[in-house]
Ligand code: HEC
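Heads up, the chain below is alone and in the form predicted alone; it's given as structure tokens.
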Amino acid sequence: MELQKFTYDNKITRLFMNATILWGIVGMLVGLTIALELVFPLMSGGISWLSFGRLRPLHTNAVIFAFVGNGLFTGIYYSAPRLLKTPMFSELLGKIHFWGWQLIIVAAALTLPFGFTVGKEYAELEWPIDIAIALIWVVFGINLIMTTVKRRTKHIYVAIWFYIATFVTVAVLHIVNSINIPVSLLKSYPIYAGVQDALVQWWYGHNAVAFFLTTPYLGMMYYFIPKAANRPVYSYKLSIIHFWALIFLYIWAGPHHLLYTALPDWAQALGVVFSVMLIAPSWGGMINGLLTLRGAWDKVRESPVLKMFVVAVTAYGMSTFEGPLLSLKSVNAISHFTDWTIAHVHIGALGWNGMMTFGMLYWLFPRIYKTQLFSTKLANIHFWLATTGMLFFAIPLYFAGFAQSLMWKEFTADGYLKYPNFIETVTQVIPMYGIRILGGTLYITGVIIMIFNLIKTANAGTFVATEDDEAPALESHASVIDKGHRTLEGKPLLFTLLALAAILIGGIIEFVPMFMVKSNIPTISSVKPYTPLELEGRDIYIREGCYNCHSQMIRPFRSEVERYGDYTKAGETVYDHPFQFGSKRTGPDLAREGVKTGPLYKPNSWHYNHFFSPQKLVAESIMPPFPWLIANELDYSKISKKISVMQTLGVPYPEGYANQAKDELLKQANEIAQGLRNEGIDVTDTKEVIALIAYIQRLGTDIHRTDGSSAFTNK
């Protein structure tokens, strides 16, 4: 049979590879900065764009979409052509993909620190950037799928399966979760509200971890580990089970992020059941990866690349065991809202994604520069710094998580909360935050050493822009006689559609009842829409990233009801675009912050002074100051448009209310500001702090009478 000659393009691989290194160090340095801010809350210097609430989403987006994103594209653009024995379908599409993705990252870096955010974790970017992500993702998908169609191999290797699943699922997740109605160029509201928004968000959030941070890296595992070890994958059959079971089960698991919340119990139960079932395919993949190295352990001892791959796959196994464990309601009751979750996430990010990326880079650089790695010794030092840093990062946070949960729940013999003041739990975990900083510093030091090593490697060699290869042309599909799964692998478009169907089933079954059955989200007659001033205050709350540290979801535990008030009902959240349940309590829950009775009630003057200087009111507080809220004039020029958008979303403002919204806003602002002036605080009516106080003091008041009792009546 005549062989066809073709070339692989290493230029696009190098572009993504360099971007991975650049954004990796940027994302990690931002992470180290916010870790320092939790120990030294005044280090932001009163500069708004350096505050924790604004930098935290920048850190998560930089690590997930910039570092890991460019890392997975590096692996795909290198491995896919070689597995399919053909160049990528279009060099032009590859360049559009690369530069488009980098522009999206830059847009995120320019908007998030300045408070332009939707306020949904891992999906904070505003609507123009969301549209750009969808378009660039389609460009990537066309390039990948068409490369698969024009391949010169009969069957599609397992790595390609995972790449295809990544493309189709991330496209669905992103589009469904990012449907917003714009108010302006950089402001929009999600079409979903409250509990429904929470379900969609964590369906997206959990599966962004599954299909952006996991499935493409599993594809890379199936390519780079056999290549580095020079051994075949342990089990083809196990890889089939791993793939189909994983993509089918993963999509159901999102509700386990919402256990004990106002989400209906049936949805929570689905999340738990499918999360526990995920252990089997996840560990099947881990076993397949590790047993590929059977008989090659001498190589592992000698090779920093293989050592990194082993730690990566082990971290994947540990994370995918811990995830189902955390989805058990009895365990989740301890872990949720604590630093345990932060530790869990970083075992995956630092161990699985980080180590796989580092190993890939150490393997790729010598090959595309036709030289030897500059220093194996430095690579080994990097390995030990990264491994030690990961442990010093995560282990203290596990201890912090247990300390937080146990202190929050502890009662005295007389039946009172032993630690009624939230700050008592904060002071206990500060030393653990300090050790976390040490771990992060060690990890970043290893990355800096890697960068030096790779630069020296590149300088010592010559870049190979293209590589020649040859293979026979693919015979027509009619001649493919392989049965079962190999026959399916010969039909990439059908394979893609079946992967899409597998991930759609779970989402449809969870979403349809939540959106079509009204009784799942009962309304409460006393719950009313936000006033114009409160709506502006809520937007400021979201802009400042307050949801990163404060929850608004009181769970039905005796300890939480004693501390915060009545547990949260689904009907309270029906006008919340977006929802504000939160996922971490660095500060106390705010769901009942505005209730005017009890020892925890705080007047407007307390909130004003607290925003200006938290430490003057609570010396041990790790909340940063927000002096710009005191100084900034409130921009309420778009309030009429915001009210109109809310009406479009179904919020029952009276007809024509948008036209009088500005007058209503100014009237309420004057009342709050006059009250502060009466207490000796010199403030004008239209400062941002006035709107934020209005929102904070509204929280929880809809279902409480002035005597503190509840007012629950279903319509």
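The structure presented is a predicted model; accordingly, all values stated were derived computationally and were not measured. When you see a residue number, it is the position in the sequence shown, counting from 1.
One more form of this protein should be noted, the form predicted in complex with the named molecule, which is absent from this view; the next part is about it.
Among the residues P87, P529, P324, P588, the one placing a heavy atom within 4.5 Å of the named molecule in the predicted complex is P588. Checking H344, H257, H550, H242 against the named molecule in the predicted complex, a heavy atom within 4.5 Å turns up for just one residue: H550. Note on the interface: of 446 to 454, 607 to 615, 279 to 287, 332 to 340, the segment with non-hydrogen atoms within 4.5 angstroms of the named molecule in the predicted complex is 607 to 615. For a residue to qualify, one of its non-hydrogen atoms must sit within 4.5 Å of the named molecule in the predicted complex; none of I142, I175 and G507 qualifies. In the predicted complex, no heavy atom of G571 sits within 4.5 Å of the named molecule. The closest non-hydrogen atom of L15 lies beyond 4.5 Å of the named molecule in the predicted complex.
For the chain shown alone, L438 is not a contact residue for the named molecule in the predicted complex, no non-hydrogen atom being within 4.5 angstroms. In the predicted complex, V683 stays away from the named molecule, with no heavy atom inside 4.5 Å. Residues of 39 to 73 lying near the named molecule in the predicted complex, listed in sequence order, are F52, G53, the criterion being any heavy atom within 4.5 Å.
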